[in-house]
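Only one chain comes next, encoded as structure tokens, the form predicted on its own.
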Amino acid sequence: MSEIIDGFSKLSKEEKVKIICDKYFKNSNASIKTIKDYWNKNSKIQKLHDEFTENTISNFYMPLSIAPNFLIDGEFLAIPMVIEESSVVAAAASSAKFWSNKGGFKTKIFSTEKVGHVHFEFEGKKKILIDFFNSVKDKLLESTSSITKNMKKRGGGITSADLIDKSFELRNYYQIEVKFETIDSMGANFINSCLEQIAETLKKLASNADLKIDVIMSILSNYVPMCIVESSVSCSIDEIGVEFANKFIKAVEIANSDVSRAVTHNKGIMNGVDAVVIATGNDFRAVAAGVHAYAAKDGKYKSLSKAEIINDTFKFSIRLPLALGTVGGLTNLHPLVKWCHELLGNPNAKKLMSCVASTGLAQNFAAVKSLITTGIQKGHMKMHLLNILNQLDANEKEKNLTVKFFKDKKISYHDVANFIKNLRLK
């Protein structure tokens, strides 16, 4: 077993790099060079990146791409996407252009409410707890006044607080469920600060009333089924074709009925969603967790999108729970995140929800369209060709000849490798 590294966080960045590379790499100098090659030449930007998180030793670059021609609620937008999967951006851009002359994407925000809980145990009669909560509820909310003051000025704050009985699921377990409006902030720190203050006040008031309440934890939930956006596209059945529409609808129905297909179907949606969420400095892990939970809200994991024909009109839509922010966090710190927000016209949280949902829908349309027509691999491998060529260390001449040769052929790593091998033999 390797020895424990004590005090790692207190070392300088140079010291961290050296100790890690000396300890875990056969060629320490080469590994140090790889790490330093990705340091930003601008020391101010590098320092900013170093301070985003703990134990930073370098930057891990991801491509920032643009999917143009998104017509969303009557406005043409270029969507920023951060993702490494080669075919995703091309698919989203293709869908955006396809729908741009058919009215584009129409969106609707149903709510932007978020939720958090104080989780606690109470041993005693339920009625005593209910009466106690009702008597102290106003004091619990008042205790957060210094925290909610600025949020209230912007039109947000705490919207409700309720006692939830969960003792039928877990002995003596209850919650105080608190709902929030955080306007253009994602609001995680705000929500957690409010919940912790409520918990502290609850413990004091319970002690004064000689009630045994044991607070377990206080935390926001990334499940936000009240924070919903819908995006949809539609056109006459003649514009898209009856056979195509029926097959497309059947493919979505399969994702509704079969969990194995639903997971991959929804993963395709998240290709688009997460790429925009990352580009705009939001928490893609929180978004993904909430979205997938929402897909199972009816007791079975299902498709997040819906396809139907209504009065000779083909409609494709999606509803997603998205807790996003356009102020605070990385949105004010990361230069490229700020650039992406400016690209989108410095949107508020609702507009960003619309952009993210529409990108997810565009990505899903492209994926299902490929599956029911040419198959997913033709387009995917075509976009993946350059990655294969880079793995084979192909030079520019070899790349050009290979791209030209495989223009109308199926692509596989084996076939490309053989083609390059034969080129070099010649």
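All figures in this text were calculated on a predicted structure; none of them were measured in a lab. Residue numbers here begin at 1 and follow the sequence given.
Beyond the structure shown, there is the form predicted in complex with another copy of the chain, which is absent from this document and is the topic of what follows.
Within 4.5 Å of another copy of the chain in the predicted bound form, a heavy atom is found for not a single one of K127, F133 and T159.
Heavy atoms within 4.5 Å of another copy of the chain in the predicted bound form map, among the stretches 233 to 241, 314 to 322, 133 to 141, 286 to 294, onto 286 to 294 alone. When contacts are judged by a 4.5 Å heavy atom cut-off, T34 counts as touching another copy of the chain in the predicted bound form. At a distance threshold of 4.5 angstroms between non-hydrogen atoms, L343 is in contact with another copy of the chain in the predicted bound form. Although the partner is absent here, I109 is not a contact residue: none of its heavy atoms lies within 4.5 angstroms of another copy of the chain in the predicted bound form. Though the partner is left out of this view, N400 does not reach within 4.5 Å of another copy of the chain in the predicted bound form, counting heavy atoms only.
Of the residues in 254 to 283, those that come within 4.5 Å of another copy of the chain in the predicted bound form through at least one heavy atom are, in sequence order, I254, S257, D258, V259, S260, R261, V263, T264, K267, M270, N271, D274, I278, A279, N282, D283.
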